[in-house]
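One chain comes next, on its own, written as structure tokens: the form predicted alone.
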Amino acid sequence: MTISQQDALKGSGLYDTMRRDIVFGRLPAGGKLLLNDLRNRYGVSISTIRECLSRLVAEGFVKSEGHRGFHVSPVTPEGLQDVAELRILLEGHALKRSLEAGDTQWEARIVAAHHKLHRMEQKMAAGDYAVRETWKQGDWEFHQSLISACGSSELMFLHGTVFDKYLRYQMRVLTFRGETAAAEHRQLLKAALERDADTAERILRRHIEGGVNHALENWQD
């Protein structure tokens, strides 16, 4: 393997790690991103870090301040509402397409993803917040599985980016709505399996808006 190939592999891994660290708050919102600190933290070259930061800037997870460097994009109540509305539009459209085109393999995926999510919801409800990242990973996987039959890789990619931005806000205040959210997930699963697009879209909007309201009620500066 050439040095350039090794750098490419490191860059890909670094991008995934930095994005996850931003989403889950290990790189805090609004925090300064110093290149030397990042090099020491992740053990890669400055050039590789710059490439990853450029990708994260393009997706809105990082802000560039020109000669002043980079910082993690801030989170605000207004930003949460904007991201939530975009998620409703993208996910609602992709969900409708999936319900029209999904086959039995798609049904198996959403049932399996819901089972995993439900187990994590039970642990969160019991106060086991140590599983919060696994819980949110399960949440992501369930919603991605719901739209996985939409037939558009670009739509899936855009949804994944918007979902991660929405997730940043959830992790900001650790919003867990307990049985209310769990019930909405069960209702989404049922509507999807029954190919009831109108009901599924209505539940999805209520689910996302409920998450926004819960986060705003628990917002702390």
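All of these numbers come straight from a predicted model, not from anything done at the bench. Start at 1 with the first residue shown and count on from there.
As for the form predicted in complex with a further copy of the same chain, it is not shown, yet the points below apply to it.
Heavy atoms within 4.5 Å of a further copy of the same chain in the predicted bound form are found in exactly one of 45-53, 192-200, 177-185, 24-32, that being 45-53.
Think of it this way: in the predicted bound form, a further copy of the same chain has a heavy atom of just one of 130, 89, 125, 112 within 4.5 Å, and the residue is 89.
At the 4.5 Å threshold, heavy atoms of residue 82 reach a further copy of the same chain in the predicted bound form. In the predicted bound form, none of the heavy atoms of residue 37 sits within 4.5 Å of a heavy atom of a further copy of the same chain. Proximity of residue 171 to a further copy of the same chain in the predicted bound form falls outside the 4.5 Å heavy atom cutoff. In the predicted bound form, residue 93 approaches a further copy of the same chain with a heavy atom inside 4.5 Å. Contacts of stretch 190-210 with a further copy of the same chain in the predicted bound form, defined by any heavy atom lying within 4.5 Å, are made by none of its residues.
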